[in-house]
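Here you get one chain, nothing else, as structure tokens; it is the form predicted on its own.
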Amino acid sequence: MLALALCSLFIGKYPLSPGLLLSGDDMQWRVFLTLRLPRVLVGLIGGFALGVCGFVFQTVFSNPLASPDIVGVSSGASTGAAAGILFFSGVSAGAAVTASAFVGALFAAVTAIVLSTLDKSSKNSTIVLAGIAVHALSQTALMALKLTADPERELASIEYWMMGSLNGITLSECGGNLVLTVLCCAVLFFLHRQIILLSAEEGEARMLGVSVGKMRLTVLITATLTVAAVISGTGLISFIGLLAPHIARLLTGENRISTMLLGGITGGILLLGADILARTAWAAELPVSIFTSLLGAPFLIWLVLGKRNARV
């Protein structure tokens, strides 16, 4: 992960040289601090956070197919971003779209979690069904917004945002998101014991001193807040939350805090690697999700076909 981060600092349309940076070249430092460093930090921290949250969702739901999208975070963020693109413009348009996507993601996730609490049976499948319902409503709202968008400008911006990219990211727009992401990840690691216990039978978890309902709600809200902070700045990044935890489990053969940490590292590797490919594979920069989907879609098919052997 650190090797990819170092390579990513010097890969791009404008070539950077360690020698020129050390000599104090003004343009080199401007590109480095304004474009490359924020991009690498978002790829590093964002990928790590998506991998950790994927582990959390799969563990809490005891479902190998679970991902952060399961509570409607992605669909809510898409709707919020579309609203930001349509209704906000000017010099702060980028920040407005990020804020709108963040609000949309949180609103969708909180709605799904609140709906799931109405079911007193406390079944893990309840929030899955609530997430599907919220996703359907968000997609309906998104289609309505697309119909009102200018096809040549606004509609293209909405579609590009939905494919995800680290291009053009600045610390002024995403600095707060990064701080929130780091804090939420720290909380999740602090609660790692409770997260692992939530994968057990509810009666067993209660006997071990876990307040299942409250802890599940706390963990899900924290993980959702983490994902919302990441994708509100980058756009939708597909499959990292699904892929990274499974790769970590294949390497460790276990489901514990070290697997959670390795899942985060794997997520950082996947996002940084995909971003490097997005910059170098074609003359024009491509969306990151093209490359994560090329890896994630076949893995999802394999996981579905071999689901009897997939355990969390």
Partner chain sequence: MPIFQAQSITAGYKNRGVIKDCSFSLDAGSITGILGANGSGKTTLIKAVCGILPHRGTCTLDGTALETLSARQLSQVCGYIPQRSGIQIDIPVIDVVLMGFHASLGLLERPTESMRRSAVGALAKVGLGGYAEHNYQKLSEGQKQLCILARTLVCDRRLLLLDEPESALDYAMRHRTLDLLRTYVRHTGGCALVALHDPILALNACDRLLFLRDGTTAGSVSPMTDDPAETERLLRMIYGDVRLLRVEEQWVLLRDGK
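Residue numbers count along the first chain shown, from 1. None of these values were measured; they are calculated from a predicted model.
Omitted here: the form predicted in complex with its partner chain. The next part is about that form.
Colleague: Heavy atoms within 4.5 Å of its partner chain in the model of the complex: which of the stretches 131-139, 160-168, 146-154, 185-193 has them?
Modeller: Only one stretch passes the 4.5 Å heavy-atom test: 185-193.
Colleague: If you check L180, A95, L217, L197 against its partner chain in the model of the complex, which one has a heavy atom within 4.5 Å?
Modeller: Among L180, A95, L217, L197, a heavy atom within 4.5 Å of its partner chain in the model of the complex occurs only for L197.
Colleague: Quick one: is S62 in contact with its partner chain in the model of the complex, heavy atoms, 4.5 Å cut-off?
Modeller: Close contact exists here: in the model of the complex, S62 approaches its partner chain to within 4.5 Å, heavy atoms only.
Colleague: Examine I221 and determine whether its closest non-hydrogen atom to its partner chain in the model of the complex is within 4.5 angstroms.
Modeller: Result no; I221 lies far from its partner chain in the model of the complex.
Colleague: Hey, in the model of the complex, does R30 get a heavy atom within 4.5 angstroms of its partner chain?
Modeller: Taking the distances in the model of the complex, the answer for R30 is no, it never comes within 4.5 Å of its partner chain.
Colleague: Answer with yes or no whether G175 is in contact with its partner chain in the model of the complex, where contact means some heavy atom within 4.5 Å.
Modeller: G175: no contact with its partner chain in the model of the complex.
Colleague: Going by its partner chain in the model of the complex, which residues of 197-222 come within 4.5 Å of it through any heavy atom?
Modeller: L197, S199, A200, E201, G203, E204, R206, M207, L208, G209, V210, S211, in sequence order.
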